[in-house]
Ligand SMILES: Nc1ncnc2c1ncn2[C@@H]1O[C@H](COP(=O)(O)OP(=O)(O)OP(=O)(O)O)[C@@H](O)[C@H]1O
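This document opens with one chain alone, in structure tokens, the form predicted on its own.
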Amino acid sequence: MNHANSKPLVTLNDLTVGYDEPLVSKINMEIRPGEIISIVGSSGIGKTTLLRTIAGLVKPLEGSINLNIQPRGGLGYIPQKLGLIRHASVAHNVGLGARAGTSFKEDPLTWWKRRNQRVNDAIELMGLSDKADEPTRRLSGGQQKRVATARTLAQQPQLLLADEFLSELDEDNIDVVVRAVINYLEESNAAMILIEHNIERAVEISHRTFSVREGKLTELSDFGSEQE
């Protein structure tokens, strides 16, 4: 797909993010359907704050964020602190995502069938079908990451924000999760912004990769020179 010919899903205009003091300043960016954008950089410099600001959880210090997505279920967020209900089952947690992404305007039976199909499909994609009835507290950290990813895929968002969602996964599971998410993005023409600590992986799976340095967001146009 030619991303340049589609209307942006996200437009950041002179955006400055932070709390009492700016962390990342004067961000200007457009993200279009089908794009994968990754953000790399050391810890504590504003990457998560930027993602939380786009998600509407932190108020911008300056500038604006324009989201061209549906108001209900259009934005999916996988935070570092996963927000799972630990005593509830995998299926219940994933069902919360499906609930957020389905309309109540249809008749109850149709809604229930659509919700359950989304839940089952997302759990299967993450390789967790045998864990569907398990409380999430009994799962490993990597399995809980996959539950959070399944929850967001079941929502079927137009914009997916993912904060280190591949951490705690072994290489085989990383391949499974990345393949499932990329397939979803391609099939639904959705976009993703992810924070990734592994710069090689970020460059491999993204269309554009940005680095946060000295309070600025800069695109890595030359990966090779970045490693020198």
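Residue positions are given as counts along the sequence shown, with the first one as 1. Not measured: the values here are computed from a predicted model.
Omitted from view is the form predicted together with this ligand, to which the following refers.
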Item to check | Option touching this ligand, based on a heavy atom within 4.5 Å in the predicted complex, out of 52, 26, 179, 201 | outcome: 52
Checklist outcome for this item: With the partner omitted here, the residue among 110, 80, 129, 117 that in the predicted complex has a heavy atom within 4.5 Å of this ligand is 80
Checklist entry - Hey, in the predicted complex, is residue 45 touching this ligand, heavy atoms inside 4.5 Å? => result yes
Next on the checklist: Please identify, from 59-67, 167-175, 180-188, 37-45, the stretch that has a heavy atom within 4.5 Å of this ligand in the predicted complex.
Outcome noted: 37-45
